[in-house]
Ligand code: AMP
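This document starts with one chain, in the form predicted on its own, laid out as structure tokens.
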Amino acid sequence: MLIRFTNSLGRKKEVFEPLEKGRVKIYSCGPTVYASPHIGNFRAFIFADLLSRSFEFWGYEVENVMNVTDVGHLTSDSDSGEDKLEKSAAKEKVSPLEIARKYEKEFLVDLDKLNIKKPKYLPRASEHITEQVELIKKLAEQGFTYETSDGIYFDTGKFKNYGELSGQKAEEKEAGARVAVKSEKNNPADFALWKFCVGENANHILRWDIATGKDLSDQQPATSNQQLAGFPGWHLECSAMSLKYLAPEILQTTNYKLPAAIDIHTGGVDHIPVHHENEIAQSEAATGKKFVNFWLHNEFLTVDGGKMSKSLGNLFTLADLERKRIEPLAFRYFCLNSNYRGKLNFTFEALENAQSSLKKLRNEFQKAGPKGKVDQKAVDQFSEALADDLNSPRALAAAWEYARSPKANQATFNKFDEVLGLDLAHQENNEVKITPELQKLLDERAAARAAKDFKKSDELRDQIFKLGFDIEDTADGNQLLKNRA
């Protein structure tokens, strides 16, 4: 069976061959943990999970890494603006690392809700400063760096293949779109490898000594050497951590036996022109080897046909979906029912339809019964769909086609679910045990409804929801309660 993916590097569908037989190395851009992750973020993570699950399904050993960015991601791609974590920390009046751990925990909880398998490695940028400093030194030795008053930069003019991923050459990038006219950069596309704690970053709390990698975060700005104290650039983090965990040999020898460091790198299409272009440049300049064989990018999740953004008030989280009685795995089903390379338009009506379809598929699982052997023909049809550029809608259709077979059995459904991750064996628990706390909330809500205090009624409904119960109102004024499990 041939596996084909649409490679963003070259922009065409290619046959996949692993660098090492039976093993695949995958790096996925992970979250910047400065705020609650939203469903647009999770489309990328569901895609990455589907990819890893598919390779496991095909019998590969999967080495996968997803980074956690907890320092250095500035609000502008032009290496200016505030660090997103430092800005969030100031707003919430806590330390940057407290912000990072708070939202990292939220991210991990949501991964579980979406049945996304945790990668083998989930490294934090702040815990890999030494590796990042070493990468800067390698680049400096090769003549690819220069220093300005605010940091150390990569000289894209010295990297001949810059722009190959996006198809846009460095000289074609408009200066006004990337950097202020008075910049000290040699080229508009040059990017920061390391930012000094000076100027707008003078009060940056997370800081390290670039000469030694020593943590200086406990020192006040006035007492730390400004030319030594600094923090890494966002792009550098991914290169350092991906190479450490997936190709450590490439950093230790010039005689690296494989033609590239990593099999596959995933991320959203928004990463192509800057973040991933810069990863390629610094990684290949430092090692002299091809960085990644296959670049796979998922398209945006739109909302009601438009952009998803905080300013528009349509930046939904999983918690927002749950408050509307939507199961997180319904969102997973919704994403799987669309090809990762196409834009996906989110509406609550579409999500409710996905939830209905998921429940029907689970019912088909229960009707199929436990007896019977795996139907290899059905599994092969399902597998071939995935092998064709990870065509999850076609794979779902194959599962539905099998569900209508009179010979359908749960063993075959379980094979499908190894990849789909929809918890098809799930059964709703309708037995309700009413505790004194729950009864008190039910009584208060009934009184609020009788008094037509609908605001309080909704607030109490949310409290009941947090205890793990759905509540429905009937025409005769009664309240029907059931478990959400």
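Numbering starts at 1 and follows the sequence shown. Because the structure is predicted, anything quoted here is derived from the model rather than measured.
What comes next is about the form predicted in complex with the ligand, which is not displayed.
Engineer: Is the gap between residue 310 and the ligand in the model of the complex 4.5 Å or less for some heavy atom pair?
Structural biologist: The answer is yes: residue 310 has a heavy atom within 4.5 Å of the ligand.
Engineer: Could you tell me if residue 449 has a non-hydrogen atom within 4.5 Å of the ligand in the model of the complex?
Structural biologist: No - in the model of the complex, heavy atoms of residue 449 and the ligand never come within 4.5 Å of each other.
Engineer: Does residue 327 reach the ligand in the model of the complex if we count a contact as any heavy atom within 4.5 Å?
Structural biologist: Residue 327: no contact with the ligand in the model of the complex.
Engineer: Give a yes/no on whether residue 268 approaches the ligand to within 4.5 Å in the model of the complex, heavy atoms considered.
Structural biologist: Close contact exists here: in the model of the complex, residue 268 approaches the ligand to within 4.5 Å, heavy atoms only.
Engineer: Please determine whether each residue of 377, 416 and 421 possesses a non-hydrogen atom within 4.5 angstroms of the ligand in the model of the complex.
Structural biologist: So, no: the whole triplet misses the ligand.
Engineer: 132, 298, 283, 156: which sits within 4.5 Å of the ligand in the model of the complex by any heavy atom?
Structural biologist: The residue in contact is 298.
Engineer: Pick from 138, 128, 394, 73: which residue has any heavy atom within 4.5 angstroms of the ligand in the model of the complex?
Structural biologist: None of the others qualify; the residue that does is 73.
Engineer: Specify the contacting stretch among 57-65, 433-441, 39-47, 452-460, defined as having any heavy atom within 4.5 Å of the ligand in the model of the complex.
Structural biologist: Selected range: 39-47.
Engineer: At a 4.5 angstroms cut-off on non-hydrogen atoms, which residues of 8-41 are near the ligand in the model of the complex? List them in order.
Structural biologist: In sequence order, 29, 30, 31, 32, 38, 40, 41 come within 4.5 Å of the partner.
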